[in-house]
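Below are two forms of the same protein chain, given as structure tokens: structure 1, then structure 2.
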Structure 1
């Protein structure tokens, strides 16, 4: 999963709206934070934003106030502790939204921090209310999600905001995606999964997912007794899910079918009660748990069996304790697993949150494993192979080369064009070949601009061309003339050519084909007018323009073609399509290309957005999954074009 992180966005002078996990315990008497680990965990991301000149606005939940304002769940004590840890003042406002919040945000200076009140004081938070999401988004210029613990929940402050603001991961969330994502998608073999805890029902999804991926699956904890029952062993008073016994049988059969070694404990530590100091004894699986007793930990033989199973592992995921580790008498199995993993220096060892994370911390081994997840439910769902809302809502890194193309239209004289080309050359630093920079001056300035930019990282394009090599076509320019100037691109079918000069889809199709025949890369434009959008005909218009404009263009030629979606109502009007509108239309275009060709072709085609692009909105537009750059009008005539290029470079590095 290639997602944008806080490193990939410009922060200087920006309002950084950050979702963190400050759900920490408070002393009921003093109201002070009793465990600040989660606060400390968020500090690297917060400090990075501050060091890069951002105004940081923090959001978090605390406890379960159920949409009501309850003083005992206020984040004010957290603000005080955070101030101590950061060594600077942390402003606090006792609301999440409202006039006082807006004033507090507007009053922030670069490098200052503001913590908003508990997100769950608002009923709309857990409902992912669009109106609350929009109000929160208005407080920031970029959204940073660093709360993995809530990544499996679609709430307004972590997911809803991303509908209105580009969302990137902080360092904590980035680390979770990196380690848990790799374990799920691309684990180094041999891959061993250890699952414990109380109930099979809690881990069904994880087991089913791992049966197709892991080499060995170790089962411990109370859930082992449901498997014992499935094998016909006596389980006494142990916790058994009677309605899951048949499922346990089925899972064992499926593991065998997939060639996965499912390893069950061969003995158990049993007692009459789950209490400290009670008399215990170890029984084998064949003996079974005596009537009146219950299994509370794995036995010595099982510990050895599990250690042997882990010897050659290169990747290990552990989720769920082996016994009731909170009581010393029944902690040995869990502690043995923790120690074994801490000693596996050549393996990637990932602890899947929840009780496993608490256990490894209790035994002082947290720093001895590769990664300890901060999210119990979130890590469990990720191990099940589910897509987490708080992860899927993050902006994707660009898979295709990004294009930033400037259409100068009928602006700038040849001498002005030369001066501006030199200015761009002096200010644009080539940082990555993942960004193609194109400028399209007027015909009369093409030669001069090409002389300035020839051999540099900035390519030159024409604003139009006629589909003939030569002839009696007054005022037109041929592709061979552009070839002679070493022009690389040609804008075809721009809305102004369609509207002012009545260019038809048929003529545009001829131009696209002729461009490709003469080694010019066409930037094929299409889009709807306001009346068509308002009458719900956007997709109908786009489909017609695609099919008629790209008629007889083969798959290999299509891969070379750039498509530019430009909603005509947003060109030169100051209006801009929302991120969602732009993504929706461009996704539709890519889907149509998949039908016209096939998905492999459609996935290679670069599709740009065009329409009142500015530095203020380009990050959000470019963050959309299917958008590969911008066809820029007015902003390409000023030095703001340099800023657009920098944004693209930052988001592709």
Structure 2
């Protein structure tokens, strides 16, 4: 789960639309915030955005206003508290969308903060309404999601908005993904899972997921008694889920089959009532819970057994208290396990679940474990191995090296080209291994530009070439001539060559083959025209261009080839392709390559997008899964090219 974070996007001067979790308790009389932990938790991400020159627009829900405006759920008191904590003014509008919101956003200066009204005052929020999502997206240049507590819900402000705006994680969400996702799913072994809490039924999904991954599974809490019952032990009045006894048996069998050691408590602390100060006693499993009594904590022998089981663990996940920790008399089991975890310095110790988090906080050990999840429901779903909507909607980290290629077309004289190449060299900070930077001047400027850029990390490409070494081909340039200039790339089959110069798929195929034979990396272009798109032939056209244009190109050659998709209909027509349309077409191209070669080849090929790329839209384009960069026209002729390179560099650092 490699996702982009707030560190991967440009923030300077940008409107940063941030979904946070300000769902805090308010005093019923005074409306003041009674517990500001969640507000404090959001500050590192907010502060980071401010420090990087963003205009921060915050969104959150609070309570359950059920799609209606209810003053007792207003976020105004939160704005006041946040202002105190940040030490700066926090603007507030009592709407989520609308004219006043747009005005407030437009009035923001870099480094200023605006909090919008409760997202759940809008009915569309919980319905993940596309119209609301779109309106929200219009308020920002980038969406930052830092609300883990709602990540298991697809709502407009956290998930829907990501259909229209690049969504990246804030620091809180990033940490949750790292620990509840990556660490728990790919743990360093030995891996021990401790499960407790009230009900087996709440935790079936978690047990089922962990049973295939953990080396040991420790069971405590009330649910131990359903397991005791399954083993034939007496359980008295303990909280037993009769209808889950068979499931408990099955889980024990399944654990054995997977070679997972399932460890049950060997004793329990019992009492007649769940009350402070009642008389308690410890019983062994064999003795069982006496009639009229209930088990409320694990016993001393179990604590010792669990501690031993944890001894050499490298990863521990804990969900669900061992007993009724809220009452001191029954807190010892939970506290001992918390303490044991806090002393395990060589292990990653991760705690999920609302009550478990409350328990570890109560014992003052919150900072002594690796990670305490802040989400209740969300952390359980994550432990069930599910991909949460609020995580899936975040943009992925780039898997392949990104290419930013400038096609200068028939622009700039040789001397202008040389001057511009110098400008680029002075302004681009080379970070070679991340972004491949290519400029393609006219033939007559190639030599001069190459003189400036040779040996630097900015590579030079030609805009075309002819598939012969030499001979009677008036007006053409051969690959060997380009080789002599140490040119590395050649754009082949650009839409203008196809349309104005009538280049056929056959000729383009010869050019691709010839450039590969002469160590030139082809940037093979394809794309459909307006008529083809409107008559629903897009995929058909792309398939034909791919099959014919790449005929007889071997898999190793294909891996070297760069593909560039251009929606020809969106060039100079005033029509724009959405990021989704670009992704859809490029995804199709990758699927086709998968069929023509195999997925491992298709996964390596870089596929660029070309169609009015500008700094304003490049982040959104590059955030698409299958898009590995841009073939840039107009914006490559100006300093905006530097900005494009920077956007790509930041996203791939």
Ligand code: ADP
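If you superpose the two forms and keep the largest set of C-alpha atoms that fall within 1.5 Å, you have the rigid core. All figures in this text were calculated on a predicted structure; none of them were measured in a lab. Numbering follows the first chain given and starts at 1.
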Q: Would you check which of the pair is the form predicted in complex with adenosine-5'-diphosphate (ADP)?
A: 2
**Q.** Core-aligned C-alpha movement of residue 290 between structures 1 and 2 reaching 2 Å
**A.** yes
Q) After fitting the rigid core, is the C-alpha of residue 281 off by 2 Å or more between structures 1 and 2? A) yes
**Q.** Shift of residue 357 between structures 1 and 2 at or above 2 Å (CA, core fit)
**A.** no
Q) Keeping the rigid core fixed, what distance in angstrom separates the two C-alpha positions of residue 185 between structures 1 and 2? A) 2.6
